[in-house]
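One chain is shown next in structure tokens, namely the form predicted alone.
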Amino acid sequence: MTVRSRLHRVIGLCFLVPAISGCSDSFLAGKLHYVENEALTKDVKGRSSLVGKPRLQEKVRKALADIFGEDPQRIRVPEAMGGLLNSGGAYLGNYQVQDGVVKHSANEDPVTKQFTRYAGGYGIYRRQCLHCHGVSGAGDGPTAPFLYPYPRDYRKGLFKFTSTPNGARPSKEDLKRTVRNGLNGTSMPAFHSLLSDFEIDQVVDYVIFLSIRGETELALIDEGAISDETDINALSPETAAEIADGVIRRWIADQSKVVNPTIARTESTRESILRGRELFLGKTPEKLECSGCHGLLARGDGKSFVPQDVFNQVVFGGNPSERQQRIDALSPEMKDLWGQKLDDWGNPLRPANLNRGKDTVYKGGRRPIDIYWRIAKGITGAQMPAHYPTIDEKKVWDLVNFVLALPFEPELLGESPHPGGPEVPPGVSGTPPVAAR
């Protein structure tokens, strides 16, 4: 509370008396430069690259500078992005527009029209996020190699724990929720006690800015990869602007695609929980077989993933920089399975352990609606698929009730047979807790 109040006062003073205090962004020492996507100049497995196309590489650099600014200290916001951000992007920090005209500024004097440098979302990101997520939002900050899971790489525009359809861009509220509450079981902390809601709004704007910039960079590289290096019209400013606009339009369109339940949550009765149990074990006509990934006891050890000891050996078994060597040492079969169980960022996946009792962790939140989103729309970039409308929405709620009851009643799966095996009476009793929605 003390820290939050102090930060709030500092930023407030910057608004009120910037000229007197001189605080602006002076506390942000040193100049930063965006880190280029590796595919711009190097061969990257599974990606297009501009290796051997120096002229097109320069065109990508110039297009990014023209559209988004030369460096983090000189941010430019495309007009189309303004509607996506608070006050048109005024709180990004040092915001400017093309042609030298500042149209939006959190620190613009209404009388003199003078623009005072302002740290804004960039400043908060630099203090709180950069050490993990990196200057360009590539998840490559200095502490990233020592973390598991790795920090999110924003440049694909993909975020795992969202309320929007699988593969869609997150809603702003999704990003605020992640910053405010953190991601349980990961190194992403909850900032609700450190940042005010206003500060969280600012840093979310900056994350969106970095994500759109990164997506545009990738799209420009893809466009350049299929272009002729000698074609003087390739990657023209007009083409680059159209590509950036396309990325922005997708972000804006996805804001209205939040997947909300169409029916109220089914009451968490014994019958609902047991119906969820049958769905989890793949005993219903839908054949969901959640246990194939999460395990027969829902401990995150399903047969479709590498065994836990192998996973621990590779991920935690030594110097992070030598991880590939440990993967290469696996048997051919295990190495092949390992390669199949990576997320869209190339990082190893592990199904959630849903049966750790009171210590059960739900990365995306433990409210019923959070579990609903994970089951109904899946987890973007991971291998958790969307199950709605494949299954009836009432059954989604049955699964939610089962998942939320399991930590309190691990015996729900204690005598579970292998799917397809002989039926075993559930042998459970008692009344499960009914979590508030």
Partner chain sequence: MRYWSVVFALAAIFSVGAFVYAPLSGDWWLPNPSGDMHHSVSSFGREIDSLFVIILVITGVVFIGTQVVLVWEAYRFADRVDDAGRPVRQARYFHGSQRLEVIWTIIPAAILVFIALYQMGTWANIKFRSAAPKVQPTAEVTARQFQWIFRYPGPDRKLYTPDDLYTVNDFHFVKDRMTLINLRSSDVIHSFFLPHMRIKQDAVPGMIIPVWFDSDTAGHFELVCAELCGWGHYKMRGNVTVHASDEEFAKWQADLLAEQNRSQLSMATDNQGR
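Everything numeric in this text was worked out from a predicted model, so none of it was measured. Numbering follows the first chain given and starts at 1.
Beyond what is shown, the protein has a form predicted together with the partner chain; the following relates to that form.
Please state whether every one of the three residues Phe305, Gln340 and Pro410 places a non-hydrogen atom within 4.5 angstroms of the partner chain in the predicted complex.
-> Not a single residue of the candidate spot has a heavy atom within 4.5 Å of the partner chain in the predicted complex.
Looking at the partner-bound form in the predicted complex, is Ala253 within 4.5 Å of the partner chain by any heavy atom?
-> No, Ala253 stays farther than 4.5 Å from the partner chain in the predicted complex.
Quick one: does Phe161 come within 4.5 Å of the partner chain in the predicted complex, counting heavy atoms only?
-> The answer is no: Phe161 has no heavy atom within 4.5 Å of the partner chain.
Classify Trp345 as contacting or not contacting the partner chain in the predicted complex by the rule of any non-hydrogen atom within 4.5 angstroms, answering yes or no.
-> No, Trp345 is distant from the partner.
Indicate whether the partner chain has at least one heavy atom within 4.5 Å of a heavy atom of Phe402 in the predicted complex.
-> No, no contact at 4.5 Å.
From the candidate stretches 321-329, 308-316, 185-193, 229-237, select the single one in contact with the partner chain in the predicted complex, where contact means a heavy atom within 4.5 Å.
-> Flagged stretch: 185-193.
Find the only residue in Glu79, Asp245, Glu286, Glu173 having a heavy atom within 4.5 Å of the partner chain in the predicted complex.
-> For this set of options, the contacting one is Glu173.
Quick one: from Leu296, Ala225, Val258, Leu349, grab the residue that has a heavy atom within 4.5 Å of the partner chain in the predicted complex.
-> None of the other options qualify; the answer is Val258.
Taking the partner chain in the predicted complex, which residues along 337-367 bring a heavy atom to within 4.5 Å of it?
-> Those in contact are Lys358, Asp359, Arg366, Arg367.
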